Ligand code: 76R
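Below you'll find only one chain, the form predicted on its own, shown as structure tokens.
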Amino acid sequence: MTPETSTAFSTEANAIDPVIPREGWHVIHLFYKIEHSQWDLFSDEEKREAKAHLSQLVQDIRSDDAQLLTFSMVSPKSDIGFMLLTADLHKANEFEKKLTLSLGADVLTPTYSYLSMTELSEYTTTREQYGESLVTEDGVEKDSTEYNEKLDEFDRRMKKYNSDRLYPNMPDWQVFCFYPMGKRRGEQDNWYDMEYEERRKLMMGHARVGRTYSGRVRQLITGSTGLDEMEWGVTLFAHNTQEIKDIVYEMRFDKVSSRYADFGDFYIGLQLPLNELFQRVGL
């Protein structure tokens, strides 16, 4: 009834060309219901073996160039959640299959999942745009020592920013929120009918709102166009739910959201180590 105790990963991946994007990682959000009627059929020994198996699997995934976060999900939408980040889609696929079967064939029932990829924003300020703003907005003389020093600092800052977007180190903050979103394509409000500069101007204002929550909310926007039901996945981390509620509420008054955004369901969880997670979800 319980899974095999071995958690060694298949060597098949060694014989298959990896599916790795030119830049960034694959990201999978996984949410499950626990079938307690099936779990209760296990003996005490089988339950211990199943939990040990999942614990070892999580450890093995984390040691295999992947990040795996574990959540106790709030509300009956789901009981347990995982967020997986790894480069190779073959590994991501193998990991998620093993997680689904980790407690036994019928114990975890998937309720929702989302596939996306880390990506850079097309609206990020370029070096040329920043240099132009130094001249037109700040009055810095082009090619002056101050101008060149500010550009060098901009380059350093953007190098770190881009690396954090493509290869993020996810935080251990307690409160987790995930939701998918997309931009409207209606006859009157169609985001993709607008010129790039107009879209960029709107997104710059949207980003300014987000920056006011620096240090209180960690955000990761991942792209899912052609990969899942909407166009982006939004993952938020905070130390309390008030910060999540406030940033989402304030963002909805911004034109980018109020006029052009569509949202999927919100999933809220608490990031817990596995021993505490098992107790919380009744395993």
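On a predicted model such as this, the values are computed, not experimentally measured, just so you know. We number the residues from 1 along the sequence you see.
Unshown form predicted in complex with this ligand; subsequent notes refer to it.
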ask   = Would residue 121 count as touching this ligand in the predicted complex under a 4.5 Å heavy atom rule?
value = yes
ask   = Hey, in the predicted complex, is residue 181 touching this ligand, heavy atoms inside 4.5 Å?
value = yes
query = Heavy atoms within 4.5 Å of this ligand in the predicted complex: does residue 57 have any?
reply = no
request  = Report yes if any heavy atom of residue 203 sits within 4.5 Å of a heavy atom of this ligand in the predicted complex; otherwise report no.
outcome  = yes
request  = Would you kindly say which of 230, 238, 34, 247 lies with a heavy atom within 4.5 Å of this ligand in the predicted complex?
outcome  = 247
remark   = As a check of understanding, the residue in 66, 50, 234, 28 with any heavy atom within 4.5 Å of this ligand in the predicted complex should be identified as 234
key: Segment that reaches this ligand in the predicted complex - one of 149-157, 166-174, 96-104, 121-129, heavy atoms within 4.5 Å   = 121-129
ask   = Looking in the predicted complex, is this ligand within 4.5 angstroms of a heavy atom from every one of 161, 191 and 210?
value = yes
